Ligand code: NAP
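Presented as structure tokens, the chain that follows is alone, the form predicted alone.
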């Protein structure tokens, strides 16, 4: 059972990212381990990009059971894995690694982690026009799952070259053509005029820059679905503005909990205590 008396039998899991100090994943996962009486411990590891290869070698060498992968490593980590799950390979991004006897296998639970809260809100992506802000690892997963469920997807990113490469990669795997534009005021206004779903996958609005948003209230309208992967604060300025405009909102906390629960199940082989994880995450964010 998880307590302060860790032994040589304690299995270690964790999260790698840069930065990683803000992560509430340790609180969430350790609460889940405790709930099920598992001798596991989840730790945060601050890994800078230049140290990613050594970190993955260390995971194997130290027999770390599993890790979550967050910004900025979700794409680059693929080159250091022994195997990649077909879904993660199609998406081109990994947020979960499982160490099976020294074999490192990558998975993606971000896609399903985004889809589940959407379905809980009774939102059917089929036939919807979706706008995604950002072109990182989370954006790839969300673009893939929305496209697979019948949405017409457009990506806006400040660096248009990166967005084009992103679109080419995801379009190849889905067989569906996606649009891409430079993220600027004119393009944002144009796509938001017809958007049914808006997803912010950038870090804009993350604590301590709580007052920042890429989308003003004037571009939001009733009935639109607005999702933000940022979970700290639990309600970003984008989500507050969307609520005032009468939109359906989905916070980053729900996506975090769902992808975390799916990660937990890959490491332990057990059904994740979803409500316990949600409760711990909300307590950590004081919501």
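What you see is a predicted model, and the numbers here were worked out from it, not measured in a lab. Positions refer to the first chain, counted from 1.
One more form of this protein exists, namely the form predicted in complex with the ligand; it is left out here, but the text below deals with it.
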| item | value |
| --- | --- |
| Selected contact from 99, 154, 202, 147, since only one has a non-hydrogen atom within 4.5 angstroms of the ligand in the predicted bound form | 202 |
| Listed residue (136, 92, 125, 106) with a non-hydrogen atom within 4.5 angstroms of the ligand in the predicted bound form | 136 |
| The ligand contact at residue 66 in the predicted bound form, heavy atom, 4.5 Å | no |
| Residue 229: touches the ligand in the predicted bound form, heavy atom cutoff 4.5 angstroms | yes |
| Exercise: residue 158 in contact with the ligand in the predicted bound form, heavy atom 4.5 Å | yes |
| Partner proximity in the predicted bound form: residue 206 to the ligand, non-hydrogen atom cutoff 4.5 Å | yes |
| Location of the ligand contact in the predicted bound form, chosen stretch of 83 to 91, 116 to 124, 68 to 76, 184 to 192 [non-hydrogen atom, 4.5 Å] | 68 to 76 |
| Triplet 214, 252 and 256 all within 4.5 Å of the ligand in the predicted bound form via a heavy atom | yes |
| In the predicted bound form, residues of 81 to 113 near the ligand [heavy atom within 4.5 Å] | 110 |
